[in-house]
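Let's start with one chain on its own, the form predicted on its own, as structure tokens.
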Amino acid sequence: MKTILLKSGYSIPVMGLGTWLMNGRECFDSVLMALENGYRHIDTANAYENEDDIGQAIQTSGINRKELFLTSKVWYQKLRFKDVIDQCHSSLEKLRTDYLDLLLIHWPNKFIPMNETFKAFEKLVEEHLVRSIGVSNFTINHLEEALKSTVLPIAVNQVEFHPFLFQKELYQYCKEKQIVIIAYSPLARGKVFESDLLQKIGQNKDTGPGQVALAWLIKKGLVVIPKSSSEEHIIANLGALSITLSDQESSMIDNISENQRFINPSWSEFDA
């Protein structure tokens, strides 16, 4: 599995398994299937309420913890110092691990000072309970505030990113600041399979539009975390790692963008 070096000095696999909206047996089976098929990066969050299922799957797989990259997130309503510490300890216990490879602020919250949240992150890193820190669903303005709020490197920004939401300004900003973007919903909730352009490029490469969309993101230096509960799709997504897109093909996909956001909850601050 190809990896990207984070600003924190640790490496992250370019493809992981997203687990949002997966719980119980479905989550356990999906994580176990992914691990058995070569995935080593699992993405979860305290709010997903599936960390225990993931911990069980990892334990069942028998894979050495050192081979894995585990990401979790602290919920936007629980960004006070003590809440962050408590959530991290809860995640560690449920995931049956001594440390998290990456801990993120799940969503920004203008009512809780970022420096308070990051003080907790700094303590967790100092205690070797967390290796790298980052954020999720942050705009450029949020990132500028975050960079001023901690001495630690902001390693990643996990955001919705796919051919129908190519966030060029955010992409360039993160590139300049050496913040790796992790793309969630990289298949645009299935919309990529309806794209004539992605289908055409896929046909030329004897692959599908989903793999093309993932390959486009990886070519740009992004990490992708597609969610899947079927072994067929879990294996198919790995196929993106062996696809090489030309600059022309990549440019054509760049120009699809319809600025279509699928994840926009009531508490989001995308206009901030």
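Small disclaimer: the values here were computed from a predicted structure and weren't measured. Residues carry their position along the shown sequence, with the first being 1.
Heads up, the form predicted together with a small molecule isn't pictured, but that's what we're talking about next.
Think of it this way: in the predicted complex, the small molecule has a heavy atom of just one of 70, 225, 212, 34 within 4.5 Å, and the residue is 225.
Listed stretches are 178-186, 82-90, 126-134, 147-155; the contact stretch with the small molecule in the predicted complex is 178-186, by a heavy atom cutoff of 4.5 Å. Not one of 10, 99 and 220 comes within 4.5 Å of the small molecule in the predicted complex, counting any heavy atom. Interface membership of residue 94, defined by any non-hydrogen atom within 4.5 Å of the small molecule in the predicted complex, is ruled out. Taking non-hydrogen atoms only, residue 236 approaches the small molecule to within 4.5 angstroms in the predicted complex. Although the partner is absent here, residue 43 sits close enough that one of its heavy atoms falls within 4.5 Å of the small molecule in the predicted complex. Contact between residue 107 and the small molecule in the predicted complex is found at the 4.5 Å heavy atom cutoff.
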